[in-house]
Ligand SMILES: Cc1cc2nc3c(=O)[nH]c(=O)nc-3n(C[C@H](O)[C@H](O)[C@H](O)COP(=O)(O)OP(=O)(O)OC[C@H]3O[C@@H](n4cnc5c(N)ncnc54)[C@H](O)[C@@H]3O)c2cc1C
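First comes one chain, alone, set out as structure tokens in the form predicted on its own.
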């Protein structure tokens, strides 16, 4: 069993920041993630509100962050954490083929995308949760984006450069930044449909052909991108206090389990941004260093 002072689970901006701050504080840290480092940044075509970069591709920013972490000789385990168990004064972190022991755990696993929960949503080809990943398959086609926040509007702008027509289905309130709203408004091939609910996916031979709306309209679509937030990925840890399905932390990122910290999109907070995730990760690491 390999032993570290702290194990950080999740390599999005919060986990990367926590790892870097811990290492620079002289704390032996292991970073674990089953996916490519970067988290939600990998699914973002363009980031324009991260200080120091007027505009940068999400995957490029993720790579820059991970290279920064690697340059500090922080070990990275490419695997899925299946359990975190208390043992004595520390913890055992298990992956499918390895066990690690540590004094502290930092949970930074982010969120899994929410679904529409419509029949056959997981089976129909044409339903996606990542416009950057799958947008190129719908060049010159008609697509839709579900959501009213920054992610939905950013996805729509990205898709409008590829697709013939893009619909944005806003189910409730528009929460996107004014800058994004104005850009969408100035795109001739983007149509915003407010207070619109998709009630059925229309398919043929398992391929998306359109949608039925609650107001009885039908629209032809070949691609539908879901951008309505997500739920925290915390199934590997038990007996931890939650708030609205998110991990509850205090101002020092401490959870209800002594020795376990959480940061980024996995915690309950008001704002979910790259900048706030990095701040969370830094606070968690500094709290561990201080012995809090």
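Numbering follows the first chain given and starts at 1. Source: prediction; values computed, not measured.
Note that the form predicted together with the ligand isn't included here; everything after this is about it.
Asker: Is residue 40 part of the interface with the ligand in the predicted complex - any heavy atom within 4.5 Å?
Answerer: Close contact exists here: in the predicted complex, residue 40 approaches the ligand to within 4.5 Å, heavy atoms only.
Asker: Can residue 67 be called a contact residue for the ligand in the predicted complex at 4.5 Å between heavy atoms?
Answerer: No, no contact at 4.5 Å.
Asker: Would residue 224 sit within 4.5 Å of the ligand in the predicted complex, counting heavy atoms only?
Answerer: Contact with the ligand, no.
Asker: Consider residue 28 of the chain shown here, and say whether it contacts the ligand in the predicted complex, taking contact as heavy atoms within 4.5 Å.
Answerer: Answer no; every heavy atom of residue 28 is more than 4.5 Å from the ligand in the predicted complex.
Asker: Please pick out the stretch from 139-147, 207-215, 76-84, 166-174 that is in contact with the ligand in the predicted complex, where contact means heavy atoms within 4.5 Å.
Answerer: Selected stretch: 76-84.
Asker: Only counting heavy atoms and a 4.5 Å limit, does any residue of 101-115 reach the ligand in the predicted complex, and if so which ones?
Answerer: Going through 101-115 in order - heavy atoms within 4.5 Å of the ligand in the predicted complex - the hits are 108, 109, 110, 111.
Asker: Do the C-alpha atoms of residue 49 and residue 135 sit closer or farther apart in the predicted complex than they do here, given a shift of 3 Å or more?
Answerer: Here the pair is farther apart than in the predicted complex; there, closer.
Asker: Out of closer and farther, which fits the Cα atoms of residue 130 and residue 281 in the predicted complex compared with this form, where the change is 3 Å or more?
Answerer: Closer in the predicted complex, by 3 Å or more.
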